[in-house]
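What follows is one chain in structure tokens, specifically the form predicted on its own.
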Amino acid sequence: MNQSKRKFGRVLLVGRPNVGKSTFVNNLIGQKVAITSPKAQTTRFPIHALYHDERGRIIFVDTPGIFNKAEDALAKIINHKTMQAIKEAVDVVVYMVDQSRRRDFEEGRVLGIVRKIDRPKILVINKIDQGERYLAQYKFLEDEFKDVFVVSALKHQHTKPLMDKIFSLLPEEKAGDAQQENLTVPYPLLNLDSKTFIAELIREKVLLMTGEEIPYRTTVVVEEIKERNDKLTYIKAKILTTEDRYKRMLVGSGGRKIKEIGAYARKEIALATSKKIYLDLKVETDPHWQETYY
């Protein structure tokens, strides 16, 4: 590739829930732009993040995983937002599969959607660091995709050749691209404000520190961010959940659980913002939060 000609374009990441799309983007950019957890519905809306090096700039569109069957209202909303993102103008599609999990009907649905996208496509087989568990079940896809890469997004293994291929498929950067895509912002997240980003960091801790049922019944809203002085940032936030019984679980005996979530979230926010954080966190019951906030 001619190194003197910088590239610029949008790359769509698509796949089932939890295949590793957000981990790939985070490790590639070198800082957290999308929260991660082993649970479905971790990513609830598309995230636009900027990657750049001497070759040019890429806007990665990290989409929520596509569910085969949307069992609840939120899953339906997530699927809808993902389909909207897929219909946006992109230059390259990265279809990511998780070879540590069996291929199933959900994978078949995602593949059907990818087949209909008329853009250069790359197949990325992820989680090779876990051994070749179900790799054989995905081998047939290599006949369908010209470009195939087997990687570990978590360990950052074999991602350099993948990035070389992505850049080779992107168009050359034109004058005005930066202004058109609002690339003058210093932070790599292009479509999230600070309140949304911090809310996501707190929600990640809820996902990681609660049982199977609670995460899908909760969201986080940041109400206020205030610089108290040069050294301290005050953040007021609330965890919303659908029922009082989930609220009791989130608060915990003697307030132990909410204090634990708050402590871990505060450390994460401080690390992400390089500021000392005072986090005022509470739990409220709101059975209609899905309709209000999504």
Ligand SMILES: Nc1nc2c(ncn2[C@@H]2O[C@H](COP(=O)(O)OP(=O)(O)OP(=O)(O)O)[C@@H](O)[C@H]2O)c(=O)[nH]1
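Note that the structure is predicted; figures quoted are calculated from it, not measured. Residue indices: 1-based, along the sequence shown.
The next section is about a form of this same protein that is not shown, the form predicted in complex with the ligand.
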Assert contact_stretch over 247-255, 231-239, 53-61, 33-41 against the ligand in the predicted complex, heavy atom within 4.5 Å, equals 33-41
Indicate whether residue 9 is a 4.5 Å heavy atom neighbour of the ligand in the predicted complex.
-> no
Just to confirm, residue 154 within 4.5 Å of the ligand in the predicted complex by heavy atoms?
-> yes
With heavy atoms only and a cut-off of 4.5 Å, decide whether residue 219 touches the ligand in the predicted complex.
-> no
Can any non-hydrogen atom of residue 129 be found within 4.5 angstroms of the ligand in the predicted complex?
-> yes
Scan 5-21 and write down, in order along the chain, each residue with a heavy atom lying within 4.5 Å of the ligand in the predicted complex.
-> 16, 17, 18, 19, 20, 21
